[in-house]
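Consider the single chain below, provided in structure tokens and representing the form predicted on its own.
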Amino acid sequence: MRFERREHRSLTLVIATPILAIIAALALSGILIAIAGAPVLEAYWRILKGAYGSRLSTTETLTRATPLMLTGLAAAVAFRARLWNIGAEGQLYIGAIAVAAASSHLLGGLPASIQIPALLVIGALAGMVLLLIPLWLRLRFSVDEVVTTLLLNFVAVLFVSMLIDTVLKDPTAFGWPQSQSVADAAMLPKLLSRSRLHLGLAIAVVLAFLLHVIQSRTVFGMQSHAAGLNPAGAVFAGVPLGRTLVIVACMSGGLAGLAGAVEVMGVKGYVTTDLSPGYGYSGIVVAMLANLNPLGVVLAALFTATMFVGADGMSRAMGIPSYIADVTVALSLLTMLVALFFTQYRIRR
């Protein structure tokens, strides 16, 4: 028995792969739910009801999915070119604190029509800078970016913690460590009244479509894909590898930084060290579930947000630990990796 690489992957196989992976993950998680002493089907029904059973829960699920879409796109863009960006969490925090600093010290007096776009750009630029450092180390000294981007997450969070305890500390927060609030004019408009659902969702979906067009219809999209498939072959074919990776890093870091900007301007209004419950790391799972497809990232982010939000409702209703959602998402990643392997290889006897 041996593994043989497939010369062609049908569209049906590509579409069915993430669906089968999620079904397998839900089946495995069902075993844990049964061990906990709860009916499996009712538990999953409670998850759906908790995520979409009311106007409030639906808007909360979509709000939770927004940063996951952006960090998922950041990982998908980078991984497609074999730039292993594990630092979206740190880039998110740097983008968030850059927005808070710019709004409270520089742009706070500007009207919303100018301040909001400017702050979104500032957040994206901050994320870009943080990723360009590991890329420079890779291109100049061949340093593995997996290590540098991962370690920079801790540097970024500690740097943000220092700022919100010193120069950016909110004097009206009664000693609570949080940054100064962004101006009211900097807050993103709400898509629905009496909800936290904001314009960031529309921004994330539009960016997913733009990235899909870039990757499938442009020369740069083909160059970045070639750089991921075979860097040496891409260079031989005339692809400017260094320049391509710099652009990919700007896109990936910018998307992660934008996630932090959107979270501050759309939901929180200020920065704390618990701003993100792991959106940067979850974005990697989202990207892999989507098979690095930008449009698939939107659906994968909705699935992940559904599990996280719905699990809270299931836990309250049935007494099952909400950590089942974390287990399910992790199992989805593992089953997706196995499924991706069998979409690229077949077994020959």
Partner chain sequence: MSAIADIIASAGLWAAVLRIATPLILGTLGALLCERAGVLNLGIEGIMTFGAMIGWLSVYNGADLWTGLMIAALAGGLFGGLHALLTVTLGLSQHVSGLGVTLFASSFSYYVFRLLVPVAGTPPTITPFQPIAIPGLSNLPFLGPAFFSQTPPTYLAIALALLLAYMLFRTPLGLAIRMTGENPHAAEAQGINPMAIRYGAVMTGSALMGMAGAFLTLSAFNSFFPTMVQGRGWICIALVVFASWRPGRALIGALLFALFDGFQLRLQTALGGIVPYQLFLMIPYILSIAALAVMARRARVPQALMQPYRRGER
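Residue numbers count along the first chain shown, from 1. Just so you know, these numbers come straight off a predicted model, no measurement behind them. In this text, rigid core is short for the largest set of C-alphas that superpose within 1.5 Å between two forms.
Not on display, but discussed next: the form predicted together with its partner chain.
A single residue from the set 290, 324, 43, 309 has any heavy atom within 4.5 angstroms of its partner chain in the predicted complex; that residue is 324.
Exactly one listed residue, out of 215, 195, 161, 104, brings a non-hydrogen atom to within 4.5 Å of its partner chain in the predicted complex: 161. No residue in the set 21, 76 and 209 has a non-hydrogen atom no more than 4.5 Å from its partner chain in the predicted complex.
Residue contact check for residue 139: one or more of its heavy atoms lie within 4.5 Å of its partner chain in the predicted complex. Mapping the unseen interface onto this chain, residue 281 counts among the residues with a heavy atom inside 4.5 Å of its partner chain in the predicted complex.
Residue contact with its partner chain in the predicted complex: residue 56 places no heavy atom within 4.5 Å of it.
In the predicted complex, at least one heavy atom of residue 33 sits within 4.5 Å of its partner chain.
Contact with its partner chain in the predicted complex, judged as any non-hydrogen atom within 4.5 angstroms, is confined among 315-323, 46-54, 295-303, 59-67 to 315-323. Residues are counted as partner-facing when one of their heavy atoms sits within 4.5 Å of its partner chain in the predicted complex; in 144-165 these are 144, 146, 147, 148, 150, 151, 152, 154, 155, 158, 159, 161, 162, 165, in sequence order. Taking 2 Å as the criterion, residue 302 does not count as shifted between this form and the one not shown: its C-alpha moves by less than this amount when the rigid core is aligned.
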